[in-house]
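Okay, here we've got a single chain as structure tokens, the form predicted on its own, with questions on binding and movement later.
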């Protein structure tokens, strides 16, 4: 059993990770600005703002794995990079592991690029978020080798509008967007969470990004 803290544990990705980790018997703490309307049994819920340095320290204290599942929106727009840098330093000092939920925008459409977010049909509304999360990934790759991290990018179509089902069957890839035979790139929240928690239980991507899709 691992002690897992999820920052953003009431959001879409974070909520699915919390639910999956708790179902496997892990000791899970969710930290978010607001309490959830429905709580997962056995999960400890804490309210706090990650922009408060004390909340970062609280997230890392006693944790084996800290999950950053925050979105660079609203008050967090333009701040995710600095938040992850502070979190990384605390995680490294504690000897814990850091897992980051990234976006699909920084994935490549083919080996060698370009990035998904560079495509003409990529929504302008999400380009800022994609750039921020791409910068987070680059910072992690340039970090001290002592920092144990992994970064998971979902398929292109991932969110509450495409929640899908828990199939238990999916593919893992590297830096290139995974698509099916029709050109679609999808993953349900539950299957994304399964892949994420699998990595916590059986580390296979130390200091690497990987992607999950059908």
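Numbering follows the first chain given and starts at 1. All figures in this text were calculated on a predicted structure; none of them were measured in a lab.
The form predicted in complex with a small molecule is left out here; the points below concern that form.
Student: Though the small molecule is not shown, can you say which of 71, 143, 85, 92 has a heavy atom within 4.5 Å of it in the predicted complex?
Tutor: Flagged contact: 71.
Student: Check whether residue 188 has any heavy atom within 4.5 Å of a heavy atom of the small molecule in the predicted complex, and answer yes or no.
Tutor: Flag for residue 188 set to no.
Student: Residue 133 near the small molecule in the predicted complex, any heavy atom under 4.5 Å?
Tutor: Taking the distances in the predicted complex, the answer for residue 133 is yes, it comes within 4.5 Å of the small molecule.
Student: Using heavy atoms and a 4.5 Å limit, would one call residue 150 a contact residue for the small molecule in the predicted complex?
Tutor: Residue 150: no contact with the small molecule in the predicted complex.
Student: Evaluate residue 66 for contact with the small molecule in the predicted complex, applying a 4.5 angstroms cut-off between non-hydrogen atoms, and reply yes or no.
Tutor: Although the small molecule is absent here, residue 66 would stay clear of it in the predicted complex, with no heavy atoms inside 4.5 Å.
Student: May I ask whether 76, 101 and 104 all come within 4.5 angstroms of the small molecule in the predicted complex, judged by heavy atoms?
Tutor: Yes: 76, 101 and 104 each sit within 4.5 Å of the small molecule in the predicted complex.
Student: I need the one stretch from 153 to 161, 168 to 176, 57 to 65, 37 to 45 whose residues put non-hydrogen atoms within 4.5 angstroms of the small molecule in the predicted complex.
Tutor: This holds for exactly one stretch, 153 to 161.
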